[in-house]
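The data below hold one chain only, encoded as structure tokens and taken in the form predicted alone.
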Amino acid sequence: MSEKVEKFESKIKSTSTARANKRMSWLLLAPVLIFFAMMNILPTIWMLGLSFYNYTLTSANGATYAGLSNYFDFVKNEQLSQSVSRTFLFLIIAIICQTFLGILIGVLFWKNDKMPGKRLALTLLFTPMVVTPIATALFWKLILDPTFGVMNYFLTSLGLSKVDFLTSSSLAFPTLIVVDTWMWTPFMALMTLAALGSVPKAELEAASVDKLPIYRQVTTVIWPHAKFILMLGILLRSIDAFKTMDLTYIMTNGGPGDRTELIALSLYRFAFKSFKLGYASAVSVFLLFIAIALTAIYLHVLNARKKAEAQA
């Protein structure tokens, strides 16, 4: 009888200890959760609600309920439609270039462990990623300046005529892509190194012993382990590229004309130049859903591959 009582008391003590630990964990998480709610959830809810109102900050009239009119106006706005299509074009080209170059650079450093000066080279490689986008934009704007820029100095020293990269209707948009690629290719190289580092060395050694061709090593050994981290890097860069505003604002201000105006810059104009907060909130909700859609596609692809591997 005493043994049963002791077991019962020990069970109660363990249950109370587990509850105390659970309360303590929630207590420790509370500051982070409160900060997250105040800085992310509440502003998002406020933005979603404001998108259903006509509200101009400089107008004497208060906010008036508009229903879905802001969203309908957004769909009908030809200039915004062009900004969206231009943004997707920017995203696709930039991500392809950055992923391709990042993989090449990552593989180069991964394959050459004994490369002299490897640490210094990696440090210099990641420098563009550390510099803030605005500083990068100012840096490149000075380099490409048609009057005293370094780029035009080299062109004239080679006997070529000066080129105004940022005001040319045919060169401004590709120039932004080149600068964005220069800035974020190191990130994709870093994700490539992390992805390749997740590949078990035993499997690589077994593949080399079996003398598998390089394409077979990539498809059967490297890709199954590296794809998750690499695709995560592509997802993060896609979301970030879709809301690029710093480069266009500093380097071209959307010009010449509207050739380089991306959706984030259009959103800035509506919110902080025209002060149409209701309309700008509707555009922000659109950007939010694009980010959610990209994340959903990424998760769907990963889950589909996991199911296929499990069935195989």
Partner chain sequence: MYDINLKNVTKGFGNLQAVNDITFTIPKSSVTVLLGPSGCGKTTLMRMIAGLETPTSGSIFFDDIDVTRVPTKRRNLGMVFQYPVIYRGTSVKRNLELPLLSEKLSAGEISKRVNDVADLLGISGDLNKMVEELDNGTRQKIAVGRAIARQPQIILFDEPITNIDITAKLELKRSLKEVFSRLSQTIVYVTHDQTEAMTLADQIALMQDGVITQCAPPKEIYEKPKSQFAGWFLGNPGINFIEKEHISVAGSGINSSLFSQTIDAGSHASQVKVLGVRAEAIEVKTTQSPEARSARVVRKSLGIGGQYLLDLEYGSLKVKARVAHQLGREIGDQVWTTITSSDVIMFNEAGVAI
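Treat the numbers as computed from the prediction; the structure is a model and nothing was measured. Residue numbers count along the first chain shown, from 1.
Separately, the form predicted in complex with its partner chain exists; it is not shown, and the next lines address it.
Novice: Could you tell me which of 217-225, 232-240, 115-123, 180-188 sits within 4.5 Å of its partner chain in the model of the complex, going by non-hydrogen atoms?
Specialist: Heavy atoms within 4.5 Å of its partner chain in the model of the complex occur in 217-225.
Novice: So which of Leu101, Leu155, Met129, Leu212 reaches within 4.5 angstroms of its partner chain in the model of the complex, heavy atom to heavy atom?
Specialist: Residue within 4.5 Å of the partner: Leu212.
Novice: Which residue, Leu193, Ala207, Ile143, Cys97, is the contact with its partner chain in the model of the complex, using a 4.5 Å heavy atom cutoff?
Specialist: Selected option: Ala207.
Novice: Please run the contact check for Leu108 against its partner chain in the model of the complex: heavy atoms, 4.5 angstroms, yes or no?
Specialist: The answer is no: Leu108 has no heavy atom within 4.5 Å of its partner chain.
Novice: Going by a heavy atom distance of 4.5 Å, is Ala202 a contact of its partner chain in the model of the complex?
Specialist: Contact check for Ala202: yes, within 4.5 Å of its partner chain in the model of the complex.
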